[in-house]
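Before any questions on how it binds or moves, here is one chain, the form predicted on its own, in structure tokens.
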């Protein structure tokens, strides 16, 4: 009887494991396309957590249903249940297993973020330049050199990107595909968050600090850069496009942008602020005026800013 019970539990565990693994694989489709090498690291971690969570959820659900359907008393049985004392073995098992799972999740999560080299605000302020952080595993996929550092300037509420070697400024971030990109993140006022959902990347930008940030785009297309930190009234309007191009198209874009005279780019926050002032809307709270729209060689295209 004991062997039969063990065999039954083993079969149920294997079935739940297979279902949980399938659900974990489906979780990849719940997220935006993988547009950077780092996104693979994050998606693998997310799939692992979904698989583990599904197994625990199904296991608890099956156990509860089995108990309710098989071990319920008769309709008119009003007697007390048998006096059962604590089971030391059971208590040890249901204590040790969760502890091991939490440690497993913590180690896996730490390894993922360590390889991505994402720095937190406290780390940047107190540790200044932490050593030993391993950059994400995907370097240049075609053997090219690391792209020159691109300066990212954030302010309330606009993004501006500078390409020093070509003396180009842009309201959009243009990047070559399959090349290691190095950004120098700077904030001119408050804490901002550099966040590209399709890249699974988010880095806090601390005023007074220049934060080096690296990643590798692996998929051509147009993606969205957002401010992930609440930086004031119009922070939701602090968005722009990230355009990932082939290396040849990227160099062509740099040459084209360098030939254009500086001009003011569209700025959604500035537009909304002036519109509210024109309509004399009193929202009930004070707001600082947005910084002037960035003057760049390459403004945001089609009003996408």
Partner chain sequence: MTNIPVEAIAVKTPQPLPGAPDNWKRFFSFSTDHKVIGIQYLVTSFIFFLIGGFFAMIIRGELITPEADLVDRTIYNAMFTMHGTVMLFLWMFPSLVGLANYLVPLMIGARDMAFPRLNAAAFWMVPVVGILLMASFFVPGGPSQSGWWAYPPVSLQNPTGNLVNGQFLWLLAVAVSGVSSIMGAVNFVTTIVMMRAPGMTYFRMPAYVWTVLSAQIIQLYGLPALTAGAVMLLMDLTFGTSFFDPAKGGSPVLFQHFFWFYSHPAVYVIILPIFGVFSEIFPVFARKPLFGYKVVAISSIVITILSGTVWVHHMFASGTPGWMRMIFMFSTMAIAVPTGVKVFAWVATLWGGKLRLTTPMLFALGALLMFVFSGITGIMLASVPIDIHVNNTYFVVGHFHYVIFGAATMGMYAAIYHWFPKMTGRMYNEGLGQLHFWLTLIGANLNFFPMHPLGLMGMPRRVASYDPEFAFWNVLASIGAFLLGMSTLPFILNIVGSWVQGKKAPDNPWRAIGLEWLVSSPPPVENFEEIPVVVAEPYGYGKNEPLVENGKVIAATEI
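From a predicted model like this one, the values you see are computed outputs, not experimental measurements. In this text, the rigid core denotes the largest set of C-alpha atoms whose superposition between the two forms falls within 1.5 Å. Residue numbers count along the first chain shown, from 1.
Below, we refer to the form predicted together with its partner chain, which is not included among the displayed structures.
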**Prompt:** Which of 214-222, 173-181, 159-167, 186-194 has heavy atoms within 4.5 Å of its partner chain in the predicted bound form?
**Reply:** 186-194
**Prompt:** Does at least one non-hydrogen atom of residue 61 fall within 4.5 angstroms of its partner chain in the predicted bound form?
**Reply:** yes
**Prompt:** Taking 4.5 angstroms as the cut-off for heavy atoms, does residue 245 touch its partner chain in the predicted bound form?
**Reply:** no
**Message:** Considering non-hydrogen atoms and a 4.5 Å limit, does its partner chain approach residue 151 in the predicted bound form?
**Reply:** no
**Message:** Given that its partner chain is not shown alongside this chain, does residue 53 nevertheless sit within 4.5 Å of it in the predicted bound form, heavy atom to heavy atom?
**Reply:** yes
**Prompt:** Which residues in 55-84 have a heavy atom within 4.5 Å of its partner chain in the predicted bound form?
**Reply:** 56, 57, 60, 61, 63, 64, 66, 67, 68, 71, 72, 73, 74, 75, 77, 78, 79, 80, 81, 82, 83, 84
**Request:** For residue 210, state whether the C-alpha moves by 2 Å or more between this form and the one not shown after rigid core superposition.
**Result:** no
**Item:** Core-superposed comparison between this form and the one not shown, residue 295 Cα displacement 2 Å or beyond
**Value:** no
**Prompt:** Aligning on the rigid core, do we see the C-alpha of residue 79 shift 2 angstroms or more between this form and the one not shown?
**Reply:** yes
